[in-house]
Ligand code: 2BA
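Before any questions on binding or motion, here is one chain by itself as structure tokens, the form predicted on its own.
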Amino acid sequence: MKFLHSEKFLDMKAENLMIPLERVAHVQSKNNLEHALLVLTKSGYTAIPVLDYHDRLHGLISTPLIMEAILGLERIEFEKLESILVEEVMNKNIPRIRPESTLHQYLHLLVDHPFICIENDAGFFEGIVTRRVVLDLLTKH
């Protein structure tokens, strides 16, 4: 457990543990829920980042949010999927960190979130740090 308290480990920058934008499944805020559900299903994830056309981070969309949006009183209204936009139901209140953030600064966020979005000072999405990456690194030591 000495390694856990090591400053070297806790000082690792998010940019060094990051999965870059190009490798992260995501959707655009103006996509409809049908597209978002397709991306979520194909990727196997339950939540993914929502970006605009300039790669600025706006929130997260998840399978439970989509299901809640199409849940009717007596049935699931699948026909709504194509008429509701992602931006109408996404979660906008999400944790965000900067590329230079140290593991010490965001480790507590990974307790409740499987991944944390990284955005630069201008608000552009750069990638994610996953709980899995951090735990894999920890188990190697």
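Start at 1 and count along the sequence shown; that's the residue number. Quantities reported herein were computed from a predicted structural model and do not represent experimental measurements.
Keep in mind that the form predicted in complex with the named molecule is missing from the display, and what follows is about it.
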| property | result |
| --- | --- |
| Contact test in the model of the complex: F115 vs the named molecule, heavy atoms, 4.5 Å | yes |
| Any non-hydrogen atom of R131 within 4.5 angstroms of the named molecule in the model of the complex | yes |
| Contact label in the model of the complex: M18 to the named molecule, heavy atom within 4.5 Å | no |
| 4.5 Å heavy atom contact, A25 and the named molecule in the model of the complex | yes |
| Stretch in contact, per heavy atom within 4.5 angstroms of the named molecule in the model of the complex, of 44 to 52, 29 to 37, 82 to 90, 99 to 107 | 44 to 52 |
